[in-house]
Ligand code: HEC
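Only one chain is shown below, in structure tokens, and it's the form predicted alone.
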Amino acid sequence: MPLAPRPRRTAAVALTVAAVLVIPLALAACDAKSYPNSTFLPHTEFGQAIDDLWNLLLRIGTAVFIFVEGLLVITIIKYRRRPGAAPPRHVHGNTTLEILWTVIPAVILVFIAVPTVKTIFKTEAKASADALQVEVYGHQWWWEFRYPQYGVTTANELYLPIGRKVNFALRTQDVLHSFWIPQLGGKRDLISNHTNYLWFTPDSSMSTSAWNGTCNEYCGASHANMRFRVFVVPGADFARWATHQAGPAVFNATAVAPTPPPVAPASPAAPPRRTAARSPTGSDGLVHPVAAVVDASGQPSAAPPTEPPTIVQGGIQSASDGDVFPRDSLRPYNIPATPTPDGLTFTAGLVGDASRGQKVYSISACIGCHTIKGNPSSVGITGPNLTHIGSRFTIAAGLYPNDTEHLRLWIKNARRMKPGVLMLTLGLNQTDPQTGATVTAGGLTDQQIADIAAYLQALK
């Protein structure tokens, strides 16, 4: 015997399910401040234009939905089947209705099309001539950033000045990539044999901030590991950073023990600032910049430092060390927490010697892929520029923190740390996960790796 339909009970169940599932999700989605990669809190005029267009289309779409669904519900209730009712009269066409349901969507499309086209023209317009120029190159799987106006090349960490328009020239060195900083706005593809452009101005009301950036076009095995950090700083801080980055790396031959980084509270007073100054070429043929101290106003102090600067572990420095981003302005989502591969270990207790590491690095396979300004042996262009790697926060394109432990493991077997990476496996007796071969002749011992890591960490 067929069951009699119970529309009221069915409707009640449907509404209950909707309330249980939809309402919590809607409330969670409204809390944009809890999500560091949200696009609903734009900090640039580009992001604000996209956000305004989104809000307008959402309002129009919601109104259309309510109107259409309301008519549908009214029709269902008014013309529903009733017991004993006569069969409905058949009709053929209704000219008035047909005109209405053609004209009304056309009018709605006009209200959608006009602001959409205006936003497209606004966001696709050329940047003004006074904009900061940044050339972005996508690689499998890391980011290269060049500042042609300052002569600076860096990797995976993008510094931008607050209140100054930035024009990005986007290019790829291999496959398709997509450049995106959710909180600043603008997701644009990097296309082979073509340059795309994107510009925006970090909001002048912002304070010193750090954001996450990603690749959003599938580009191979480590697509999800192709990340970068964006540091938005006041104009004066950006100028100091750019000036420092344009010089050779500050190298202090100091032994480095594998100790965790000290986390000290921020000092309220502006600390002395070290900047790079070129010194004569050493007996080893390498340029060793020396540290010069300037006061909080940026003017040179009368006395030179009495002690060599300390090499700070962990890649997290204060603003006085190479003019890098201040640690107290970082947020937990800026610091990677990727676990290291099981079974990849390093000899405990080894102390790296930066001076010794400089010599090992300068005759190793590293120099064929990387550039270090001030080291004439290191002029490779295949891998990231390492000139000031000691002052960066992350390695492996934002995948790991730039500390002693992770840097040593990365040098030892990068391909286990990040699938598909081009960097060779360098550790002695390590098995390359891509080729299956074991490194023997020419492989680096743990002590040699510790020395190279100390040298790289000393490059401020």
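So that there is no doubt, residue numbering starts at 1 and follows the sequence shown. Just so we're clear, the structure is a prediction, and the values are computed from it rather than from any experiment.
Not on display, but discussed next: the form predicted together with this ligand.
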Exercise for the section: Look up in the model of the complex whether Leu444 has a non-hydrogen atom within 4.5 angstroms of this ligand, and give yes or no. Expected result: yes
Practice task
Look up in the model of the complex whether Ala169 has a non-hydrogen atom within 4.5 angstroms of this ligand, and give yes or no.
Solution key: no
Exercise for the section: With heavy atoms only and a cut-off of 4.5 Å, decide whether Gly383 touches this ligand in the model of the complex. Expected result: yes
Exercise for the section: Answer yes if any heavy atom of Cys366 is within 4.5 Å of a heavy atom of this ligand in the model of the complex; otherwise answer no. Expected result: yes
Handout entry: Joint contact, Val136, Lys165 and Arg188 to this ligand in the model of the complex, by non-hydrogen atom at 4.5 Å
Key = no
Problem - Option from 403 to 411, 47 to 55, 64 to 72, 428 to 436 whose residues, in the model of the complex, bring a heavy atom within 4.5 Å of this ligand - result: 403 to 411
Exercise for the section: Any residue of 420 to 434 with a heavy atom within 4.5 Å of this ligand in the model of the complex counts; write them all down in order. Expected result: Val421, Leu422, Met423, Leu424, Leu426
